[in-house]
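Here you get one chain, nothing else, as C-alpha cells; it is the form predicted on its own.
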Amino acid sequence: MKKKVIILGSGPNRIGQGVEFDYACVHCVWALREEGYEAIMVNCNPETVSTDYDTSDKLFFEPIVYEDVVNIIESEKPVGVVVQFGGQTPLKLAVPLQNAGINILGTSPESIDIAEDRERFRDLIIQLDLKQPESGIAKSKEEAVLIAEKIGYPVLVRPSYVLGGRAMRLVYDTAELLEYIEEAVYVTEDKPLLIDKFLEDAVELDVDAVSDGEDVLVGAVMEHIEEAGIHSGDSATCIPPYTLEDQLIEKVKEHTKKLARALNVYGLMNVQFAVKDDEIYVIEVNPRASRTVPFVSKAIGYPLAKIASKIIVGKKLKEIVPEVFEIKEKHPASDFVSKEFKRYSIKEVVFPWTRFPNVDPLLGPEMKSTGEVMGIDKDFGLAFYKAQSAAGQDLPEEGNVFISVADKDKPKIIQMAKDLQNLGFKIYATKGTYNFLKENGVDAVLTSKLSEERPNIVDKIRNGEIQLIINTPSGKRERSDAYYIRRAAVMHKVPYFTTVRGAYAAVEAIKSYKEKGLDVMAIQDMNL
C-alpha cells in the first residue's frame, strides 16, 4: 500500500492572495505521485486546479482550519503533512499541528517560527552579520509614537501576522500615525503593531531559492520595477535584475544561501531584500513557496515547486537536477541557467480597479492585485511592452503625455520628459510640474487642474486627448485632483504609472517598440 502525504492548500482566493499558491500545490501533488506516494489534497476553493477531481489521489473539500485538518489526518494517517505550498494560511497551522504530534514535512515549524517571529528573526540577522532596516514592536499607542519618532519618519506600519500587507500603511508623521491607529488597528499586548523604517528610493529584490539542507540553489533574483514600499505582489518584477551590478547580485545570492542554511530550510524559501546606496538590507524571509514561484519556474525552465516537493520527501538536489551542478559559468541572477541566458522575463500584475469605482488605483504596501501576466524578450523594453499589453495596458506610439509628480520626484523626471519629447510625444502638465519642466529646458503645455477652469485635465482624459499618464502620489491621503485623474485613466483605459521607475520602464518599452517592432513566440518554443 502506498504511503500517504497530505497537502494543505491556501483556502478561498481573495484580493490580496493570488492563485499562484495553487500552482505550487498542484506541482507538489504531481511530484509526490511521481515518487510513489498517495497525494491527498485539502482545499476549499472550487475555482482552483488543486480541487479538480482528477488532480490528486484524494480530495477533501474542507476549510484550512485546525479542527478540520486534524480530523482528516486522524482518518487518513499520512506519513506527514505539507504546509509550505499554500501560503500563509496553512503555515499558521504548522506549530499547532506539530504540537499535536503530527509530522510536518520539509522545513520545521521551529524554523518557520524564527522567520515569523520579529524578535527571533532580528537575533538571527545579527548573528549572521546581515543588515535589516530599523524596526520596533509597539504594544500601545504611546509606545508606537515613541518607536516611530526614534526610528525616524517615514515608517511602514502594520498589524502583526497579516496576509497580503492588509492594513499596512506608509506613515509620514505622528499625526498620521495616530490617525492610522484610531482608524485601522487596535493595538494591544496580544495584537502588537509592527513598525519599520522605510528606505526611500531603495530598489527592492525578491529571491526564490530551493534547499535540501545541504545544497542551496537560487531560482532567480528578481528586481522590482517599482520602488521599495510597493507590496511585492503588486510590483512588476524583472529577471535578471536590469539596473544592478553582477557583483551586488552575487552578494544577494550569498546572503540568501546563508539564510537558508541558518534556518535549515528543506524545500522552497523566498527572501525580500532592499538595496540602498549599494547596501543590502533583509526585509523578510518566508520559508515557504512564494507567489513568484510560477513566474520564476516559467522564466528559467525549471519547476521549482516540483523540485522542492521531491526534497521534502528525502531526495537531494544533486539527484533531482544533476545538470545544474555541472554548469560552470552561472548567470548572476540564477543558479539554474548558464551565462548564455540572454533574455528578460517581466512579471506584471492585473488589478480589479474597474470593478471598484470608488477605489483609488494607487500602489502601496497593501496588496490589491488579483492576477499576473508575463512578457519575455531579449530586449528589456520589449519584454516590458509585452507584459503591459498582456495586463491590458497598451502603450502608445504617439500622442500626448500628462505628467504630474510629487515635489520629491520632480528632479527624477527631467530625462524621462526629454526622452518622451524625442520620441515625438507632446507633454502636458499642471502648474507645479509645468514650471519645473520649463525651468529645466523641457517644453510642456500648461493644463488646468480639476479645481481650475475647464477644460481641465480630467476633461482631456475623457475626451481622448491624453494617451499616457505619469502621476506619482504626494504622500497625502485625502482625495485630491490626482485621485480623479487616476480614476479617469482607469475608466477610459489610458495607461498610467504612479511610480518614477515604472514610468521609466514604460518609456524604454515605447522606445524599443518603435525602433524594433515586436516578435512573439510561444513559451514552449523558447530554448530554455
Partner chain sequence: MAKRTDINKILLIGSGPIIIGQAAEFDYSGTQGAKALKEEGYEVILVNSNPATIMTDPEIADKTYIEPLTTKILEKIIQKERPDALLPTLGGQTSLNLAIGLYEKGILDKYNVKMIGANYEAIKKAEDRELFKQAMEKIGLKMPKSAVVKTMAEAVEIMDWIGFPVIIRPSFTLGGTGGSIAYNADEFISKVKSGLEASPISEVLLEESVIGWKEFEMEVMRDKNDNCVIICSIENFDPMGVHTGDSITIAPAMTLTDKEYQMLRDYSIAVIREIGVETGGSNVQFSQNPETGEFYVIEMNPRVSRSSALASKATGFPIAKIAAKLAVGYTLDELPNDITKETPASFEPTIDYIVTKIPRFDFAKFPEADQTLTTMMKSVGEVMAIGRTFKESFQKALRSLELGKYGFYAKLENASDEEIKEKIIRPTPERVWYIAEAFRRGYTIDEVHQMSHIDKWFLNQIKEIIDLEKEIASKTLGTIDADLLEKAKQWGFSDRELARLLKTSEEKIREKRIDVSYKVVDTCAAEFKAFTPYYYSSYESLVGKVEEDGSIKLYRDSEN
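Positions refer to the first chain, counted from 1. All values derive from a computational prediction rather than experimental measurement.
If you look for the form predicted together with the partner chain, you will not find it shown, but the lines that follow are about it.
Q. Is every one of 224, 242 and 451 in contact with the partner chain in the predicted complex, taking contact as a heavy atom within 4.5 Å?
A. The answer is no: none of the three residues contacts the partner (heavy atom, 4.5 Å cut-off).
Q) Any idea which of 352-360, 422-430, 171-179, 408-416 reaches within 4.5 Å of the partner chain in the predicted complex, heavy atoms considered? A) Selected range: 352-360.
Q: Name the single residue among 71, 127, 103, 247 that comes within 4.5 Å of the partner chain in the predicted complex, judging by heavy atoms.
A: Contact check passes for 71.
Q: Go through 114, 151, 373, 137 and name the one with a heavy atom inside 4.5 Å of the partner chain in the predicted complex.
A: Residue within 4.5 Å of the partner: 373.
Q. Contact between residue 481 and the partner chain in the predicted complex at 4.5 Å, heavy atoms?
A. No, no contact at 4.5 Å.
Q.
Under a 4.5 Å heavy atom criterion, is residue 46 part of the interface with the partner chain in the predicted complex?
A. Yes - in the predicted complex, heavy atoms of residue 46 and the partner chain come within 4.5 Å of each other.
Q) Counting only non-hydrogen atoms and a 4.5 angstroms cut-off, does residue 156 reach the partner chain in the predicted complex? A) Taking the distances in the predicted complex, the answer for residue 156 is no, it never comes within 4.5 Å of the partner chain.
Q.
How about residue 389 - does it come within 4.5 Å of the partner chain in the predicted complex, if we only consider non-hydrogen atoms?
A. Flag for residue 389 set to yes.
Q) Looking at the partner chain in the predicted complex, which residues in 35-66 have at least one heavy atom within 4.5 Å of it? A) Result: 44, 45, 46, 47, 48, 49, 51, 52, 53, 54, 57, 58, 59, 60, 61, 62, 63, 65, 66.
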